[in-house]
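For reference, the chain that follows is the form predicted on its own, supplied as structure tokens.
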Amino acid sequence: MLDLFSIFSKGGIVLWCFQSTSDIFSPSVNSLIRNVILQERSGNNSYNHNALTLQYKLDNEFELVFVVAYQKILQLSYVDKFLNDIHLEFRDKYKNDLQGGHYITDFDFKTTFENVLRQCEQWAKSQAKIPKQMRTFEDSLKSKKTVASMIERKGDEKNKKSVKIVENKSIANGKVEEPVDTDDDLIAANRAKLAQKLATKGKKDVKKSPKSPTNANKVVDRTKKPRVWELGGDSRDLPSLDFSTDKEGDVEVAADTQLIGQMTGAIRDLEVESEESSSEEEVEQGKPSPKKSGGMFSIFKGLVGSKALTEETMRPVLDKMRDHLIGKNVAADIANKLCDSVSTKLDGKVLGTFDSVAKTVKATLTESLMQILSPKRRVDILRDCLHAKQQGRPYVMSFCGVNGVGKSTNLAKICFWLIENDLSVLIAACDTFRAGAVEQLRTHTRRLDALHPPQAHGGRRMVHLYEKGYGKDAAGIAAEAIRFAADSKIDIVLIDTAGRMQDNEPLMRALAKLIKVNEPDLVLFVGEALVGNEAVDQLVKFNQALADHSSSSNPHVIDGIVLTKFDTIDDKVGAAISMTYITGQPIVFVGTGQTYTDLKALNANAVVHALMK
């Protein structure tokens, strides 16, 4: 039973509506529009909101949306057929009005709606009575094999490991027939090789050079002496290996004065290096070239213009597009959803020549990618820090992520940026597990203090380190650090946490505890730009763990992303798309190197251009 059926334009005009209950469905429909249609996530035609399931169909020719809502617990098999049939009926009946843009009209559609709904319900009952049929050959995986996958190459047999499954045959008298060994020739050949090897080894004549008279008179001491390693960890090496306290020679650090003043103000965007190359390509395209045009969208040359685009027409280029995105390090699941979204958005579009088809599809994909990378909300850390300072409290940022992604390094870069903007920072060393984590932060603190000494800020020390050693409770250390910052009038607290895998439940529970107890203003997930499908798994499980292990009804999950090692991926920037698509949260910082100034803000144009190359 349907609770709601509505037809409305993409401009927001409701053409016709049916409602079987007195419930209010506006929040669910608004959520569908806000989170699916406007966010370019229209690949899957089903959306769940509270206890409702909403299914929809887009008409791109007349810019219409058909929406059906019913209870999530119901399993209605006829909804897809109903949406297709009602879509065709409405188009055929009011085609002239829709072409003329007459949306403010009395659409008498109740009788047609009831007839189509009744027919679909009867069809669903008849389909339920039909026994399940055997799968056809076209539906099997074997039919998907191509000729290239069936070709056996000469070198493939050596790389393949053959596994033989030998069954024991039982004889009538109860004895088990032993398997007959068919590799007698191979065993005999191996024995012959071994015998030949042993024979040649015995016949070897080792020629030794005659000893010189000086060496003959010397007595060689054959006693083996133990090697003495430098800083081998003995008790006498402990003073030189102890880095837990500052030494007199390590206190003074030479400051690189060239870095000072480069990070004042907002973070600079990533430089778009491809704009000049794209303009050069356009110039080159204007010149006659004997070479054939290639690339991702060259397959559109086979499409015929003046026809409406359908899913079958777009299927070859969508498959090519999917492979292209996966090659750019976009997660496979995200690439499939992007292609489905583009297909849904272009289905039914009537275009002119094949050139406009290529431009339209490229513009549609670019628009979808730009929509994904554009943040839903503005993240202005400097403004939020000044607002917290006016309230008399420190602004707290927490960093989390898996092992080895660069949390401590990028925390130091962000700390340098904040100090450059005349904000004092307290670094809380809450990574009490990894050996050397506290010493690493102490080194960063010493270097940052050398770049911005108290003398340059009116005697105010700009960077502090709060540490309690190893093996302590990270949540307790963070709480003490926040209290210390509030008492000392420090502007910002940066909490460094231990790296943990997303499947480690005890460590994920400890991270959720740290965030629940201290309630930071911003929780940043630090991820590598090198990962592909792993980015989806990490973010989904981190978000899920923070939600599951929090006792609050409104848990604090990831607020933003720090994308590191961006300088190592060339144009394979798909991790940015994958991470933003999964969480819907913005990429706040991008790490592009090893120095304190190698911190940028994400430039959506640069990322999209690199993806479309």
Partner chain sequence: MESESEVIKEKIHTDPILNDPRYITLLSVVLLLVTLVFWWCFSRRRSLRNSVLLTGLSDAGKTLLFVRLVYSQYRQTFTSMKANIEEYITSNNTLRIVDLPGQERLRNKFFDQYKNSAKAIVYVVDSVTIQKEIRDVAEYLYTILVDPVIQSNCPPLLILCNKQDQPMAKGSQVIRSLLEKEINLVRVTKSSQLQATDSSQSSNTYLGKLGKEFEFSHLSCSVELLESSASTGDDDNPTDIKALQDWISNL
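We call the rigid core the largest set of C-alpha positions that still match within 1.5 Å between the two forms. What you are looking at is a predicted structure, and each value in this text was computed from that prediction instead of being measured. Numbering follows the first chain given and starts at 1.
One more form of this protein, predicted together with the partner chain, exists but is not displayed; see below.
- The partner chain is not shown here, and in the model of the complex it never comes within 4.5 Å of any heavy atom of residue 489.
- At least one heavy atom of residue 104 is located within 4.5 Å of the partner chain in the model of the complex.
- The partner chain is not drawn, but in the model of the complex it has a heavy atom within 4.5 Å of residue 584.
- By the criterion of a heavy atom within 4.5 Å, residue 606 is counted among the residues contacting the partner chain in the model of the complex.
- The partner is not drawn, yet in the model of the complex one stretch among 82-90, 537-545, 372-380, 518-526 has residues with heavy atoms inside 4.5 Å of the partner chain: 372-380.
- Remark: all three candidate residues (12, 386 and 601) come within 4.5 Å of the partner chain in the model of the complex, counting heavy atoms only.
- Contact annotation: of the candidates 109, 94, 417, 399, the single residue with a non-hydrogen atom within 4.5 angstroms of the partner chain in the model of the complex is 417.
- Proximity to the partner chain in the model of the complex, defined as a heavy atom within 4.5 Å, singles out one entry of 333, 367, 480, 449, which is 367.
- Although the partner chain is not shown here, in the model of the complex the stretch 578-593 places heavy atoms of 584, 589, 590 within 4.5 Å of it, in sequence order.
- Superposition of the core reveals a Cα shift of 2 Å or more for residue 15 between the shown form and the other one.
- Shown in the overlay between the shown form and the other one, fitted on the rigid core, is a CA shift at residue 568 smaller than 2 Å.
- Comparing the forms between the shown form and the other one, the C-alpha position of residue 596 differs by less than 2 angstroms, with the core used for superposition.
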